[in-house]
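As structure tokens, one chain now follows by itself in the form predicted alone.
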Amino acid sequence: MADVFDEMTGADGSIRPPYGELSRWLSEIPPEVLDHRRREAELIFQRIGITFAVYGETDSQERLIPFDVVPRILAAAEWGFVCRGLEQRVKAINAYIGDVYGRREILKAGVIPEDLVFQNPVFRPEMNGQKVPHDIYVHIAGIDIIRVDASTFYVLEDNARTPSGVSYMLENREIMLRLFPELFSRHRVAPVENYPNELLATLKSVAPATASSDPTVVLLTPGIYNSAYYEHSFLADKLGVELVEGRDLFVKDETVYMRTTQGPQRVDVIYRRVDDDFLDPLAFRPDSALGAPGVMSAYQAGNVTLANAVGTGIADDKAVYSYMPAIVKFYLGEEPLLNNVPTWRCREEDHLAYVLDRLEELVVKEVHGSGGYGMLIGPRADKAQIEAFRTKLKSSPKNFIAQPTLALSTVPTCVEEGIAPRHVDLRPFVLVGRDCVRIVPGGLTRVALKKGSLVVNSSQGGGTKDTWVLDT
């Protein structure tokens, strides 16, 4: 694609400043040495067991996420701009969620259609009027970003429920430090290894008023069969907190306790990696064995903090995403620093007509889809696929949005034929505590390893990279 922005190499063949040292290093290191270290990285990942599961597939249930050994590099000024945009966006998201479950000023003003909220399957009426500790709903956000030129970053998706991937960010850095110390010595790279400390400080800061001066934090996992279980156990270990399942908790007098060998211990903050539906069988799905009965009653009584709060999904589906610029303006009175990808809402008649006329040019996504599934990439689809999506759109237009086929930026990547450009996105992790917003420099870069592919999801052939933010 001729109009693709290459983050390392300019259109005239010059090397962009952040990549100067990396370019020199790549020209010096023998290809066989780079390939040897790539295979060594793969063995390390296999040894420590970093895998993910793909639900619904009978073969190769547990997979290794491919890791690319060539880092992606961002200049300090570029990262500073991204950080300002992330903080602004997450601030607006928290204001929106609080309003939707509170005074609903944005609905009264007609900025957001009411049915988009009240008919949304992730809207939680249990949260209506619910006061949450310190008025923070999203404590941990993963905001997916793409880059299209030297100065333009777009938000591709807001993950406000239980964003994953931070363990890969941390492990990627550790492996790069181990395998390429000489490359690090040629750069001043901002550290990411303090993320667990930042996360723990954030979680403790949002403990309820009834908590002790040293709040007890636990990480609630659905268990070993969850696709992200490795990350749950990894984070609990790094945070120095207990990894618990629903059966390890119980509620008495609207207070959550953890079963320990020394007897019950009060729990003040639950970093939950269990979806709303399965969190409490007394409040949501009665058949769930993953949550703790009564935890919602303790939450509603103000005796425990859930991170993230129940009902945050109302802010991160793809239909609400299309209103985010208006949400930022409504609550903050500011123009968004990080813009959305231009989006057509198929629920609107004129938008639907536009999309149906240009299906072969657009990317069409399910409002509640994820993982790169349930989408049409028009330029890569055949006539049968396009017509099948046309039928879906006509029968249930509210379930879809459409976007132009943007050319994600490329970065140098180690592939079988050598070093070649591959498309990437970036998931920075934003932590929102009582006193401040914390953003660890970098995030998880996901890379589409297949030539020409724009789909970076690990479940569809994507891999990950270490992301370097230069201190200077």
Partner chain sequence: MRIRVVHRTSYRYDTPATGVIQMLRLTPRNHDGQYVINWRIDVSADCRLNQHEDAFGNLCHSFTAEGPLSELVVSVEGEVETRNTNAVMTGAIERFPPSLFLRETPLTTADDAIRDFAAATRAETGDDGLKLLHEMLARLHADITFDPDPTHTATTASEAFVLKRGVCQDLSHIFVAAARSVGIPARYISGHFHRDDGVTDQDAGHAWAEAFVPSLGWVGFDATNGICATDAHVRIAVGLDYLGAAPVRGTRYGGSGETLSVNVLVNQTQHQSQS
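Numbering follows the first chain given and starts at 1. As the structure is a computational prediction, the values presented were derived from the model and not from experiment.
Heads up, the form predicted in complex with the partner chain isn't pictured, but that's what we're talking about next.
In the model of the complex, the partner chain lies within 4.5 Å of some heavy atom of Val251. In the model of the complex, the partner chain lies farther than 4.5 Å from every heavy atom of Phe153. For Ser297, a non-hydrogen atom is located within 4.5 Å of the partner chain in the model of the complex, even though that partner is not displayed. Interface residue remark: Arg259 is counted as part of the site for the partner chain in the model of the complex, having a heavy atom within 4.5 Å. Contact with the partner chain, judged by heavy atoms within 4.5 Å in the model of the complex, is confined among 112-120, 343-351, 154-162, 89-97 to 112-120. Among the residues Glu126, Glu198, Glu78, Glu366, the one placing a heavy atom within 4.5 Å of the partner chain in the model of the complex is Glu126. Checked against the partner chain in the model of the complex, the residues Gly240, Pro181, Pro286, Pro191 give one hit for a heavy atom within 4.5 Å, which is Pro286.
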